[in-house]
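Next up: a single chain in structure tokens, the form predicted alone.
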């Protein structure tokens, strides 16, 4: 599905990272592999360190910390927010919605929309599309998009497939109406037949957590995990990304009538460095235009990798100037989505720790 929007802009991005850093070497003794094999994996995948939430920290805590920072520093007016979108696959509770919890924490106005969206790797793009659609309404002038995932507690410490890459993080993105009439192109694709390529089998109503679901089992590759843990079918996810993402990007640029060279930056979701470099090769995009340094420095925090990518790699360049940016997310769902838009003259683009 394709979308076209006008007169909207991203006016600020704040990424909130855990203050706790864990290195690959600290964890590799948990895996049933030799040190030599683990270090070879580190080199190929780009693992170095990742940010992990402290025990008891939840997704809303990072969002609240980020919002409080913006309020305290005069970067966002609480009363100006007309919609609060929370995109995550690690909500605080089954009910109530986490967006309502955050709204209540700050005693925000009642005349607004709070909405939780259950999306992961493509959650930033899905959230932006939802924000753009809300801004089509006369009553909505400013939307705050909260992307957050604290999934590290759901990953087995003995799972070498997932543990080295997982990270926790949140982002606060402010989207508002603008006099700028430049066109925003977006699209989204979904294929539920592949939904279980990324899955936490137990913990929902289909299979509640129990002593039986907590039993650790070894897979054919020597990883240990329980049904309460995240399981990723790595080969299926890799093949899906290489098969579906390039034609989506080609279609997006064709719709916009521009070439790949016209795009200044490709700010993509970052599962790992290896997958991203293979994707750049498939697209014919220089590595220098598609940063792949988020997992090695912070970890893969699902959809939050895209705003982290923008904050970390673009910094003040989109505060003091303007860049044509192609954003894309792909993974759990299976869902893949991309957006082409001008990023520039933003009020802030920062990273803080919590």
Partner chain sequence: MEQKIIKILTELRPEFDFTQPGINLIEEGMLDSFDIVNLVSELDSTFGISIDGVDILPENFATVDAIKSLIVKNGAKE
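Residue numbers count along the first chain shown, from 1. Note that the coordinates shown come from a computational prediction; the quantities given were computed from them, not determined experimentally.
Missing here is the form predicted in complex with its partner chain; even so, the following discussion is about that form.
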Candidate site 9, 131 and 270: all three near its partner chain in the predicted complex by heavy atom within 4.5 Å: no
Interface membership of residue 37, its partner chain in the predicted complex, 4.5 Å heavy atom rule: yes
Close approach of residue 218 to its partner chain in the predicted complex, 4.5 Å, heavy atom: no
Contact label in the predicted complex: residue 319 to its partner chain, heavy atom within 4.5 Å: no
In the predicted complex, residue 33 touching its partner chain (heavy atom, 4.5 Å): yes
Partner-contacting position among 235, 72, 77, 261 - heavy atom within 4.5 Å of its partner chain in the predicted complex: 235
Partner-contacting position among 105, 278, 177, 154 - heavy atom within 4.5 Å of its partner chain in the predicted complex: 278
Segment assignment from 261-269, 209-217, 160-168, 85-93: heavy atom within 4.5 Å of its partner chain in the predicted complex: 160-168
Contacts with its partner chain in the predicted complex, stretch 212-250 (heavy atom within 4.5 Å): 235, 238, 239, 242, 243
